[in-house]
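Only one chain comes next, encoded as structure tokens, the form predicted alone.
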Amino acid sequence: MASDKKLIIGNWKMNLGVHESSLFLHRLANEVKIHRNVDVIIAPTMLALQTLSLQVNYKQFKLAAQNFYWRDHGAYTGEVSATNLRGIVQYGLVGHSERRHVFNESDKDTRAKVQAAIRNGIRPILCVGETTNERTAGETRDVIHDQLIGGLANVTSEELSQVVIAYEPVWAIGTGKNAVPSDVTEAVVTIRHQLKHLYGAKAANEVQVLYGGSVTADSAADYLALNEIDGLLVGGASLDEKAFSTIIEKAHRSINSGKK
């Protein structure tokens, strides 16, 4: 574990319009208690980011972009750059399996986005994880190795502390299939080992590593109890204010119980 803080991220994906997002954030703010040992990040749709940036209490929540283009400006109709998002978001998702597999983004695209986020003062959340076929073939470690090298190729050891890594096995995202804690532990150990090989032990230990993949209010505690992870990337459950609030409370309690 990289720090005494847990990081809980809610990825709303392509759900909730601007007005709906504003109303939901209001309800969420009434449910969620502020804890110094838990950072809560929400990732609404791109359209809602500007409105929520004016509404959000930054002591309670930070904002993340679900996506952005890697060039800072230019003739790229329809795109939003990390530069455009400066001052609005503090984090940005990069390399999510839906970007890789639905929109065919390559490691080159992912690498460029990680760099774009860092140079614009936005913390990239680099997602890595294997598909069902890759898991069945015993290729989990190879996939993690390749995606880490692909995404971090131009990141220096000084910049690495700005990067968050999220292990999201593709076979567990939105499928209801949960990775058991031993699977998560093995994958995160692989991630840390690779980071240590690339950047040295000190830099590797400072990186926050999260788990994501069909996380629910019921399953969250099992993952948060793992010493190897620093938090959770939550999908569907983040659209339920009571479930998401419960996950945040469990993150808070997991740190307190670990200090006893």
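Bear in mind the structure is a predicted one, so any value in this text is a computation, not a measurement. Residue indices: 1-based, along the sequence shown.
Missing here is the form predicted in complex with a small molecule; even so, the following discussion is about that form.
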(message) Please tell me which of Ala82, Val163, Ala172, Leu152 lies within 4.5 Å of the small molecule in the predicted complex, judged by heavy atoms.
(response) Ala172
(message) Looking at 82-90, 69-77, 96-104, 153-161, which stretch has residues with any non-hydrogen atom within 4.5 Å of the small molecule in the predicted complex?
(response) 96-104
(request) Consider Ala43 of the chain shown here, and say whether it contacts the small molecule in the predicted complex, taking contact as heavy atoms within 4.5 Å. (result) no
(message) Within 4.5 Å, heavy atoms only: does Asn205 come near the small molecule in the predicted complex?
(response) no
(request) Report yes if any heavy atom of Lys13 sits within 4.5 Å of a heavy atom of the small molecule in the predicted complex; otherwise report no. (result) yes
(request) Mark Glu130 yes when one of its heavy atoms lies within 4.5 Å of a heavy atom of the small molecule in the predicted complex, and no otherwise. (result) no
